[in-house]
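Presented below, as structure tokens, is a lone chain in the form predicted alone.
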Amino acid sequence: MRALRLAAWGETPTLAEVERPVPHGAEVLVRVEATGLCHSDLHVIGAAPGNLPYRLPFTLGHEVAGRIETLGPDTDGMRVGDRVVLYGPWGCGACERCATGRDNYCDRRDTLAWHGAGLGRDGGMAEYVLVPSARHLVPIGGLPTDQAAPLSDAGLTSYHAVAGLRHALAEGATTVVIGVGGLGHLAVQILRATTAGRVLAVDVREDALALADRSGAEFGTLVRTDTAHVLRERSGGAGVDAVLDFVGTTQTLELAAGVLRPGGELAVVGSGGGHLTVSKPGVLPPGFRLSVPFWGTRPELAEVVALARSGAIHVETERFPLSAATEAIDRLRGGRVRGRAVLVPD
């Protein structure tokens, strides 16, 4: 079968012919129908040798949806032909958190040579993917696979981040979403579907603000010298209740801190490498609270799928054949993907 393999750190992954896996024990073989392309993939590809514990080579792709092709002899609860999306973060499988579907916060994460599908273990940018356990599979019913695949990270990470702030988002609250790309446009929709407040959007691209508008944001603005003032005015002058930063640069972190009201919440999701100085006393609003959410839980993925099946959220996608993966990677790296890039086997 064909698979997009990373063979050397910092080099472009290439398509290669590899042997089709055979499931053993509790493993499940899934025929891939769609795989999302994520900025996390770019971070993995561009990682310096020794920065990640992963052993090369491996197949990329952690946002995966398809049909069950073959079941291992010890698999329960699934049938051949079932349409599924993969829960991407794979932990040790033995700790209490993994046992309850919270592999994203596995207690042994720092000791593992992988972090999930396409992250040290062979992922879904291929014709088939081998899943270690059926517990990593969530049924999608009739949801199209190119919609389902991005839900496993772009949707799930956004949902998990919003869930962590929901206690602060009562009716009338205001949330700012910084960065309206693959994750941010879903965060806007999830906020609209699960909270009663207003959603404001910030980006550096006009087309991203148009996407925010289509996703349900009440207002969008480009990053300018007066952006913090504009957002404060839009929230009544006191500041906003929460900020979801899907960029994570020093500029966006400082903007977030500058628009939060006292007791405000900041969730940093983006991996832009920025810094925010936390000190007391300091410039941060009193009662400021910071979270750094990572991915999400398996039960939350089921909830995201249910939202998508209900029509409450929709992923804006650009489809590429697997053979054009290099083009898709280049476009994502250059900020020229609208919503989420999805690879489909030729």
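Residue positions are given as counts along the sequence shown, with the first one as 1. Note that the structure is a prediction, hence the values are computed from the model and not measured.
Only in words, not in the display: the form predicted together with a small molecule, which the text now covers.
Colleague: With a cut-off of 4.5 Å between heavy atoms, is V269 one of the residues that contacts the small molecule in the predicted complex?
Modeller: Result yes; V269 sits at the interface with the small molecule in the predicted complex.
Colleague: Taking any heavy atom pair closer than or equal to 4.5 Å as contact, tell me whether Q189 reaches the small molecule in the predicted complex.
Modeller: Contact check for Q189: no, nothing within 4.5 Å of the small molecule in the predicted complex.
Colleague: Although the small molecule is absent from this view, report whether C38 comes within 4.5 Å of it in the predicted complex, heavy atoms only.
Modeller: C38: yes, in contact with the small molecule in the predicted complex.
Colleague: Answer for L130 alone: is it within 4.5 Å of the small molecule in the predicted complex, judged on heavy atom distances?
Modeller: Although the small molecule is absent here, L130 would stay clear of it in the predicted complex, with no heavy atoms inside 4.5 Å.
Colleague: In the predicted complex, do T157, V180 and Q251 all reach within 4.5 Å of the small molecule through at least one heavy atom apiece?
Modeller: Yes, all three are in contact.
Colleague: Tell me, out of F320, F288, W295, Y54, which residue has a non-hydrogen atom within 4.5 angstroms of the small molecule in the predicted complex.
Modeller: Only one option qualifies, and that one is W295.
Colleague: Among the candidate residues V204, C92, M78, A193, which is the single one with a non-hydrogen atom no more than 4.5 Å from the small molecule in the predicted complex?
Modeller: Exactly one residue meets the criterion: V204.
Colleague: Pick from 136-144, 232-240, 68-76, 251-259: which stretch has non-hydrogen atoms within 4.5 Å of the small molecule in the predicted complex?
Modeller: Careful reading of the contacts points to 251-259.
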